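To begin, one chain is listed below as structure tokens, in the form predicted on its own.
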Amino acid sequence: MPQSADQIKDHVSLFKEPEYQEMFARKREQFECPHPPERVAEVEQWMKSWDYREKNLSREALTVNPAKACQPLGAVFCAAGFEGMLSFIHGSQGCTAYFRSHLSRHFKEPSSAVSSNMTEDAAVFGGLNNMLDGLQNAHQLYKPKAIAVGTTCMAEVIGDDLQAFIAKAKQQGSVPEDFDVPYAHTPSFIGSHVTGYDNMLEGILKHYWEGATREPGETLNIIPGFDGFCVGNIRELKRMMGLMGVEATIMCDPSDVYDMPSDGTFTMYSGGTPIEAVKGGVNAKATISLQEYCSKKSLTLAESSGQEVAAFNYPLGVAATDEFLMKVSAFTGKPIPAQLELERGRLIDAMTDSMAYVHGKTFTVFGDPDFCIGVTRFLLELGAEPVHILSSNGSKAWAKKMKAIVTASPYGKRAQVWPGNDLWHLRSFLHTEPTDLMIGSSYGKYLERDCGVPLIRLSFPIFDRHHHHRFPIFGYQGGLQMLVRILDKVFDGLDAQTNIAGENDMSFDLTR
């Protein structure tokens, strides 16, 4: 073989060696029952056609590569945002491993969560004993301040009663009677990770707010929502609130646990919203959500407690950030400071400087509902033209709102909104109506290769690039970050189209 202990090769180069190439060829010939290359090429071309697109859109019983994850993933992410809180998934170990690895691969940090490790016997007889043993082990081994319990499909299909199970666990001494165990039912077979985030957040707030006597104050609660850029975005949010002099509690703050320093010590629980601040959140004057579709139940709970509420859709760029800051100012009476006005002006200046390179460019956007709205609004501000806007976990109500946004702009006239569709649908859209650029997650790289549409990675999950999440895309500063990433991709494309000396390099310019 082409490597030894003295010469270890990376898989990228290893699989190019003759031995592996011969092995792959034998596998195709002997085991894959291949069709003639001409037939393969014929079908490949047909699968890029309008005829195939219509057949693809008629699918009803099959989903192929949806741009969403399941509820418990959102629940694990949510629990990580509270001080000393350990996520406990009542279900199979394999599911929990998926949630942990999915988050770890994106943030490049450990993602702590435990499981009740339900197997076949628990699926038949119920998972009570798994819950009793699991809570006891988690409490004794990891010493959390609270354990947040979510569920997977297995526990939900058989109807395990979390409230009764947790009460039994306290009665039998698995955890102390006064130990905090908030919970939420988060079945994987309905909703998505944003639903799971909302269900778990509602469960945590209910646990700490129910029975409390509300003493109305002047503080704000801010719900960031499920966000792969939470590290940079929440820190930017805190900075903006600090500049305004606003006292705000971030309800779910995983910015520290997903950005740990390398100092020789592993800290399972880092940062997070303090439990006392969560308890005091019931007294807030208002609760603001930065992602409407991540917080419907949580906002309803806040409103029912007597608070004013407001919801936004991933506020970035000029107008959306203006709206958010003006609402904060209206709730608190605090003026928007000169520093933020200066940053607003700098963003507009940058947009003006670069308008010629983005104006008229066509875009595809895919991701969570709020992300799609926020990014599309920013693209319209730039004079770009969104053509395909796809959210696998978007509803008909989301689509109606999205259509109202694009039709209100002259740059949105060609936009098509696709709620509930998947990335295999998007492949058909891009082959029949290609765009200049695409904004989404790492899963778009296969579309980039297949359809030739350059991908800008700005949404969860980003597995194949590192550290994007450490920088904000919220607010004016976030809009500037997003503008730079869009422009870098545009300029890379220009350079690639003009890089052959003596043939097309007349526009291989040093200055763009």
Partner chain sequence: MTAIKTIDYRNDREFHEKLIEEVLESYPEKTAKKRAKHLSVTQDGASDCGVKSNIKSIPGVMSIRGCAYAGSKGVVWGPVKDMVHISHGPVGCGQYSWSQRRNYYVGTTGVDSFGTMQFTSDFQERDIVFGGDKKLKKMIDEIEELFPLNKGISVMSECPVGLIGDDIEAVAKERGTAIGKPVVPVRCEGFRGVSQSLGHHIANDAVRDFIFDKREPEAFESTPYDVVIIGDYNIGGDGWSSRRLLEEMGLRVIAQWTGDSTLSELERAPKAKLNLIHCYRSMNYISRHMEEKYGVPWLEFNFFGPSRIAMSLRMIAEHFDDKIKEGAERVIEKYKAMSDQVIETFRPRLAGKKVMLYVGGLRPRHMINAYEDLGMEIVGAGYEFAHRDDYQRTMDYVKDGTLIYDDITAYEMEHFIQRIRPDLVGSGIKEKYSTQKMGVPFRQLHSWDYSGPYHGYDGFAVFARDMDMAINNPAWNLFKAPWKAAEPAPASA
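In this text the structure is predicted, and so the values were computed from the model without any measurement. Positions refer to the first chain, counted from 1.
The protein also exists as the form predicted in complex with its partner chain; that form is not presented, and the subsequent description refers to it.
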Is it true that F125, L162 and K400 each have at least one non-hydrogen atom within 4.5 Å of its partner chain in the model of the complex?
no
Note: its partner chain not shown here; in the model of the complex, the stretch from 315-323, 104-112, 329-337, 208-216 having heavy atoms within 4.5 Å of it is 104-112
Can you check whether L342 is within 4.5 Å of its partner chain in the model of the complex, heavy atom basis?
no
Find out whether any non-hydrogen atom of I8 is located within 4.5 angstroms of its partner chain in the model of the complex, and reply yes or no.
yes
Flag S116 as yes or no: does it have a non-hydrogen atom within 4.5 angstroms of any non-hydrogen atom of its partner chain in the model of the complex?
yes
Evaluate M482 for contact with its partner chain in the model of the complex, applying a 4.5 angstroms cut-off between non-hydrogen atoms, and reply yes or no.
no
Have a look at I348, L243, I275, I158 for me and say which one sits with a heavy atom within 4.5 Å of its partner chain in the model of the complex.
I158
Partner-free chain; cross-checking its partner chain in the model of the complex, the single residue of M154, L301, V406, V231 with a heavy atom within 4.5 Å is M154
Looking at its partner chain in the model of the complex, which residues in 344-381 have at least one heavy atom within 4.5 Å of it?
none
